[in-house]
Each structure stands twice: as C-alpha cells, then as structure tokens.
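Single chain ahead, by itself, as structure tokens, in the form predicted alone.
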Amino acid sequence: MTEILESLQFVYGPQVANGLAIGVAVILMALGLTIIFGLLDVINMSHGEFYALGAYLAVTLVGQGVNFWLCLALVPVAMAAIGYFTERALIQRVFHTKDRHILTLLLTFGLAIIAEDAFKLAYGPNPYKPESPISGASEILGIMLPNYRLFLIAAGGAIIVAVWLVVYRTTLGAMVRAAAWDKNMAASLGVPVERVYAGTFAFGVALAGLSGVLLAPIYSVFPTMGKDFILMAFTVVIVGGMGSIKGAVIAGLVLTQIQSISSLFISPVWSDPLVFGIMVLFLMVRPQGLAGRLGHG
C-alpha cells in the first residue's frame, strides 16, 4: 500500500503542484474579469491584452535594470492607471447607451486587436523569456518543486485572500457591492458610482497586469499570449458564475487541476478541449455557474 501511495505521489504530485501554480495565476486574471462583469456588467474582451501588457512592462523594466520584485509593485500601479483611463475615455462613452452590452463588447474586442498589433510593432514577433527571480528547487512531500512556482502559489494565494477581504470586509468593498446590486440606490446614499465604476475597472486591469508579471518567468512573453490565456480565464468565470469571486476561485483550482492531470492520460492537445467541454456542459445544465453575482459572493 505504501509503495502504491509513493508511486501515485511521484506521478501525480508534480502535475498537481503545476496545476496549482497555474491555477492561482488564472484565478488572479479571472478575478479581474469577474469583478468587472459583476459591477459594470461589461465583458472585457481586451482583458487578455492587459495581461500581456503587464508582462511586457515587466520585460521592459527588467531590461532597463529594474529589480523584478520592484516590478511586482510598479506594474500593477501602472496598469491601474491605464485601466482607469480606459474606462473614463472609452468604456463610459458607450456604457449608458441602449445597446451598451454589444457596444462595450465590440469596443473591448477592437481594443484587443489594436493592442496585439501594437505589441508586434513595439517588441516584434519573437518571444521573450525572462529569467526566474528565484532559482533552485525544494523538496516537499518527496517531490522536487521549483522555488519560483512555490512562491507563485504562496503569493497568489495571499493576493486572492486580500482581494476577498477588500471586497467583503471593507467599506470600499461595501460600496462596490452596493453599486453592483443597485446603482441608483447606492448613488442616492452618497456612493460616487461613476468613480466606483472606474476604480473597479482599474482594479481588474491591475490584477490582469499582475498575473502577466508573475507568469512571465514561467511562460514566454509574446504578442498573442493574451489571446491564448484569456480563453482559460473566461472558462473559469463562466463555470464559477459570472460575477462571483468564490465561484472563480473554486473553478480556477478545479479546472487547472483537470487540465494538468488529464495531460498524463491524453495528449496535451486535448486538455484545452476537455476544459472547454466542461464549460459547455455548465452552460447547458447550470448556466448560472457554481455561484451567483458579485453581490451574492
């Protein structure tokens, strides 16, 4: 029995750890998507490009001699400013129109195309592979795991908890949830709804940029990376429930584990279709996902 457990640990352990590390990063990105949708009711098709922009900003700053750890602080601040400007200058122009759902979707989709082409012009088509800021590996439960992935799991988990605390345990979070639940009532009670909208969009964009910084040392940084990664994030949001933080966390952990472990039994080419198949199944059987909207959890 002991030999069987050790064998399973040796085979599945690295895949579980890898899925957990990627899952944490996917959740950070999905949280930005689900918070923006939960409050603004906007499906941000350019969210993947904000993720890519965060990675490219990190590559640029590191290339200029800036410490990677300083990038973890600087990039989210810069991305928040970019997100705030994007919401004020673009999203708000169509947000109050009759066909705002279609117009915001088309607007953010067009913004994604422009951003991707801008990355190609500015950085070229070749990928960048930043060096990992933490070298070596550590043995945990008999499994050797890269130290940077362990850091990613710990740091990402702490950020997820911090986001939950901000949304559900602070006055600012109460204002966000009130505006998501009933913006007219919130405005009548003195909540600056327009600023809350812009700040929430900026916060979601900052989370996407932070994900880009954290994943840059693991994956190559290239112009279409946002398009590739956003599919998984949207799947997490849909399965978890559009607008639910709790649902996004659960779905992110489960789906990335399924994707990681399934690669042991089937070709990696089929891992993504398997996850997307689960999303389609949820849309057919439980379209509201695992949980409700932002105001509900």
Partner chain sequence: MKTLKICAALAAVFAAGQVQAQGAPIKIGVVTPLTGTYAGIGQQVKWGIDMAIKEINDKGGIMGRKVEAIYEDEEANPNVAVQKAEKLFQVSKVDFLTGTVNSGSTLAVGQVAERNQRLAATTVSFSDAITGDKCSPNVFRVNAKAGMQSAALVEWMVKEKPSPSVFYLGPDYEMGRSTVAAFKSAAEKRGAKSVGEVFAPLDNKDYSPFFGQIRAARPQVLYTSVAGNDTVRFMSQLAEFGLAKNLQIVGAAGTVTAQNMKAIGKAADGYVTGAAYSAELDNPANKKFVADFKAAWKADPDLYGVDSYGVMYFYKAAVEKAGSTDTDKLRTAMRGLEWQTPQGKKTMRAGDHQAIQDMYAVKVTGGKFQIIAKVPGEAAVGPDTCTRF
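Numbering follows the first chain given and starts at 1. The shown structure was predicted, so the numbers you read here are calculated from the model rather than taken from an experiment.
The same protein also exists as the form predicted in complex with the partner chain; that form is not shown, yet it is the one meant from here on.
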{"item": "A81, A158, L74, M144 - the one with a heavy atom within 4.5 Å of the partner chain in the model of the complex", "value": "M144"}
{"item": "4.5 angstroms heavy atom contact with the partner chain in the model of the complex for S263", "value": "yes"}
{"item": "The partner chain contact at P127 in the model of the complex, heavy atom, 4.5 Å", "value": "yes"}
{"item": "Contact test in the model of the complex: K120 vs the partner chain, heavy atoms, 4.5 Å", "value": "yes"}
{"item": "Touches the partner chain in the model of the complex: V24 (any heavy atom, 4.5 Å)", "value": "no"}
{"item": "Interface residues of 159-194 toward the partner chain, as seen in the model of the complex [heavy atoms, 4.5 Å]", "value": "none"}
